[in-house]
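Shown here is one chain on its own, the form predicted on its own, set out as structure tokens.
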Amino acid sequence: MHSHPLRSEGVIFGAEYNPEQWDLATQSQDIPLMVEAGITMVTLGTFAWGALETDDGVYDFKWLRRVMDRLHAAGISVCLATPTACPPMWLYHAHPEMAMTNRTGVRLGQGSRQNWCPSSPAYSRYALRLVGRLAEEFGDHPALAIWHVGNEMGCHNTFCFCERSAADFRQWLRERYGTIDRLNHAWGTAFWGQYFRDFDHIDPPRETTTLQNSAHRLDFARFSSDRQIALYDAERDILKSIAPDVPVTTNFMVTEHISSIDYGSFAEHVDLVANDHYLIADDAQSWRELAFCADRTRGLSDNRPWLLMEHSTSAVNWQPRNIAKTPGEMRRNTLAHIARGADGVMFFQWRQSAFGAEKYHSAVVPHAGTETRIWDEAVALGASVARLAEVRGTTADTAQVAIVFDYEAWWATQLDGHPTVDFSYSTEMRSIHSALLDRGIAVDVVPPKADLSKYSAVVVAGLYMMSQELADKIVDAVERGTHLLVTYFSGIVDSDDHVWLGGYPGALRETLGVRVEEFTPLRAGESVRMQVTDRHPGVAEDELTGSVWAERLRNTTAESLAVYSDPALDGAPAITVRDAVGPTGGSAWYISTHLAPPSLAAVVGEFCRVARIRPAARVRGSHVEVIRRRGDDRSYLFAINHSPKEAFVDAAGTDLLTGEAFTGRIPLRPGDVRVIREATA
């Protein structure tokens, strides 16, 4: 096992604490209640810049030291934030130029958070000065466990279009390309005659008349992500120079809908990967999205311990419909993150705010106080997490399947002028992940830098943009025996957003043994039918259905698992398989449409059978997650029942949550969770 970046005797159970929002009488109640709830760590200072630096160079650290002293006395450690996400109003007044400028050239006004330009010299100067003072004051405090830089970096201010950002963008381009000729080639400026003669002639991709140069926009996204990482590095370096032994992190936002920061690159800069995750309230099966995002977070951490910095006890306040969690859902959500490798779980926030923009965001202590279901469930959950102390330091069991996830490819799918607006990279990824999840199969969702050769199977789902390096890595893995599953709109363009010519999917065309001549996207609500061939009897369904997309393709060295039966594409290959790609027998599968869930389940099932991919445990029932964490000499099977019906899982061992011992068939009540310390042979 890897050395652990956090000092903790067990799995961390915590919350964000904002004492500056409350009077002393209320604060005096907080720590005894934290002890009752089993809180072992709190985040402090996230939005406290104005309370810590009340005027230019005027600091008040006494209140924060008093709180940290009391927390330490109670045995609660501190994740101390640098409060640089929200500059104080006096700083905006002194330097109004540091506010964000949007695509249309409008400087944004006051009253929200993260309204500062990532390239602003004034912002950086004041922020880094504060970080240095904070580190000097608290770098040796006994309660300090980890530094937390900023908050959800780039959540609202990734892209600034002001002149200072433009100057930094031009310098970034000079460093990336070296010469203007190389940039012109990469950006394809021959189209529409957009040649540049000098880097100084380039602006950010501001509002314009119609479609924009896609490579221009893609590079601005790369630059903007790099700026956020550079801001983190600047703060981290100051903290490390003063308190070198204290780990440093920041909270990522690995969710289905937030894509503006390349966390695959960012993860290399933190001592511990930390994430914020909130359910999509309108999704009736939002636990699936949680599982996908937790697997992505684990992939970013290279299967090392990670921290869930924020999630919610119940409803949030920022979605169109903020649905309250049902009884037991908070527990299932929390334990699902732990199952997938988190060694700490924390809530936003400890006490529900009485005022401000997030006053209806749920908390451990709600507006109604401690005589509430939320409080009772939180206290019970704290006790459950405490029972999992021995799980700390173990990691999720090595998966047989990897899904490749690339933020830059995600950005590229969001550019203008694509075949259909109905294609969604995150939806395509989640569909495959969900089909594997239903089979109880562990999945690593990994960045492009990951070693793919160690997996029995690799999935490339809607990976529109693919570099030559990644294509070579995938091909090499397949030729060494890995089984490959690729879905439509993958491997279409290179890292400059230039189409791989010669027929789609150009980057993987030879390996897949197919050649796509034409995309044939579908109308809204339209579907296509496919007839299963006799080649793979493991697909029980005679007919499959798809939506969003279809293709006119032909096999070169592959064979058809299913063919289109609709008139326009009658008899054309729809799902193909190429066997024995390499000398050790890897196969390459291609799906040319967005399969309906039952159809996808059938094809994924057959793929897993051929690739000999086995579930973590045998389950009797539906909507049940099974995930295993493993240490050097022990293993733990997490079984989570999201169904209103009883289910069963085959395992033997002791449930850490109840103390019950089982041999064989273990019952799972509706909505229940088991954590089985498995019996050793």
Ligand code: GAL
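Position 1 is the first residue in the sequence shown; the rest follow in order. Source: prediction; values computed, not measured.
As for the form predicted in complex with beta-D-galactopyranose, it is not shown, yet the points below apply to it.
Enquirer: Looking at the partner-bound form in the predicted bound form, is T249 within 4.5 Å of beta-D-galactopyranose by any heavy atom?
Expert: So T249 does not count as contacting beta-D-galactopyranose.
Enquirer: Tell me, yes or no, whether W90 is in contact with beta-D-galactopyranose in the predicted bound form, where a contact means a heavy atom of each within 4.5 Å.
Expert: Close contact is absent here: in the predicted bound form, W90 is far from beta-D-galactopyranose, nothing within 4.5 Å, heavy atoms only.
Enquirer: Does any part of Y123 reach within 4.5 Å of beta-D-galactopyranose in the predicted bound form? Heavy atoms only, please.
Expert: Result no; Y123 lies far from beta-D-galactopyranose in the predicted bound form.
Enquirer: Report whether the minimum heavy atom distance between L569 and beta-D-galactopyranose in the predicted bound form is within 4.5 Å.
Expert: Output for L569 is no: heavy atoms all beyond 4.5 Å of beta-D-galactopyranose.
Enquirer: Please pick out the stretch from 337-345, 388-396, 580-588, 356-364 that is in contact with beta-D-galactopyranose in the predicted bound form, where contact means heavy atoms within 4.5 Å.
Expert: Correct option: 356-364.
Enquirer: Just to confirm, with a 4.5 Å cut-off on non-hydrogen atoms, which of D295, E551, D276, D406 contacts beta-D-galactopyranose in the predicted bound form?
Expert: Of the candidates D295, E551, D276, D406, D276 is the one lying within 4.5 Å of beta-D-galactopyranose in the predicted bound form.
Enquirer: K325, R509, R170, R113: which sits within 4.5 Å of beta-D-galactopyranose in the predicted bound form by any heavy atom?
Expert: By the 4.5 Å criterion, the partner-contacting residue is R113.
Enquirer: Would you give me the residues of 30-56 that have any heavy atom within 4.5 Å of beta-D-galactopyranose in the predicted bound form, in order from first to last?
Expert: Counting only heavy atoms within 4.5 Å of beta-D-galactopyranose in the predicted bound form, the single contacting residue of 30-56 is F47.
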